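First, one chain by itself: the form predicted on its own, in structure tokens.
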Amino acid sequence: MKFSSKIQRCGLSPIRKFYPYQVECQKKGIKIYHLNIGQPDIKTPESYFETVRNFSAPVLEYAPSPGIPVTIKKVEDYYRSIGMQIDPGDVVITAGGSEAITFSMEVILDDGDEILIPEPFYPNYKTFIYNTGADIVAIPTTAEEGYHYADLDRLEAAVTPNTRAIMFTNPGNPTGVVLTADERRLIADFAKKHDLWIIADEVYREFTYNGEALATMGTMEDIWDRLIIIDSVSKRFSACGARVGSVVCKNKEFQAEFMKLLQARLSVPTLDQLASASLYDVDPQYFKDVNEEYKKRRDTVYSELMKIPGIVCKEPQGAFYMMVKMPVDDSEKFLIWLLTEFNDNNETVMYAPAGGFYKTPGAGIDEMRIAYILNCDDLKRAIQLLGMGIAKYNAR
């Protein structure tokens, strides 16, 4: 039987494919410190569960395709609170940020089109884009420069006659890079010059550690015709299982095309939408406490990493990830070795090898992504295990 050439371009998750090794390691009674998956351990606000428990309609009906009005209004009010003018029809609700990106790609990309993305990038972008028949053109970065990409020369070198869009995550997954106001402006002007769509994946907006005010590309009125903002409750409220996201776009033609896909998939689950709407009423202290906790975790991981000889890593400024260049020959081989041959007092550590976060063949082979989603004591132990593992691995 024949399969789609588009799906065959896609690969399995470079993060989840090591699960069988994890299972076999745990069968031996070895504890694994998980730095590989971006699943926060922060408590989901109780209002989510209260809304579900108190739901009492006699029939669980379809929700409207663009979203339940109360959920849309909460998202609209949120964007107004951070300085973006919002009009009716600018916000639609999606089944998580993943659907938001998938549908956006299907609306704006065609066979043979190209989209610029700084690498390393969230690996699932490949699947979302390749299934449109388009291709990724990577904007190169380095660990030594802290994965900086908002550089006009690099952007200009990547653009071609087939370029239709530029997409980035800010704050960054997997790098933790946070764009400055000047860098956001640079990207906006570049996109206008070349008539490109801008896809701003801003799901980690709340997580910055230098006291910055909440920032969005949406406050720049001169790019409203080309700006698509991806958002989600998953990370902001530690509600990954809710699968409720949104697309914010003031281009009415885009929204009209997007609606075709929303109607084809019918609706986002009603209960998840209603419960997610309640999250937007959380006390602002929630975000302050969460940010302080993640900053402590970042500081713990970074401090411990700097004790390991040969590590290359710039301190990340946002999200809850960091990319690290290691003194090993191959981060995938090293991870498998950690799970099959190494332990200290029946403990080992797991991270995400970085090769899958790149488009460029062979790039990131000696790098890893760390998700600092454990408590500080566990993070300290995990990085100590990493250091011991590197030393033993290289001494074989």
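Note that residue numbering begins at 1 and tracks the sequence as displayed. Note that the coordinates shown come from a computational prediction; the quantities given were computed from them, not determined experimentally.
Beyond the structure shown, there is the form predicted together with a small molecule, which is absent from this document and is the topic of what follows.
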{"property": "Check all three, Gly97, Tyr122 and Asp201, heavy atom within 4.5 Å of the small molecule in the model of the complex", "result": "yes"}
{"property": "Arg298 within 4.5 Å of the small molecule in the model of the complex, heavy atoms", "result": "no"}
{"property": "Lys192, heavy atom within 4.5 angstroms of the small molecule in the model of the complex", "result": "no"}
{"property": "Non-hydrogen atom contact Arg243 with the small molecule in the model of the complex at 4.5 angstroms", "result": "yes"}
{"property": "4.5 Å heavy atom contact, Thr141 and the small molecule in the model of the complex", "result": "no"}
{"property": "Selected contact from Ser104, Gln273, Ser234, Thr208, since only one has a non-hydrogen atom within 4.5 angstroms of the small molecule in the model of the complex", "result": "Ser234"}
{"property": "The small molecule: the contacting residue among Ser238, Ser278, Asn173, Gln317 in the model of the complex [heavy atom, 4.5 Å]", "result": "Asn173"}
{"property": "One stretch from 165 to 173, 282 to 290, 300 to 308, 259 to 267 that, in the model of the complex, holds residues within 4.5 Å of the small molecule by heavy atom", "result": "165 to 173"}
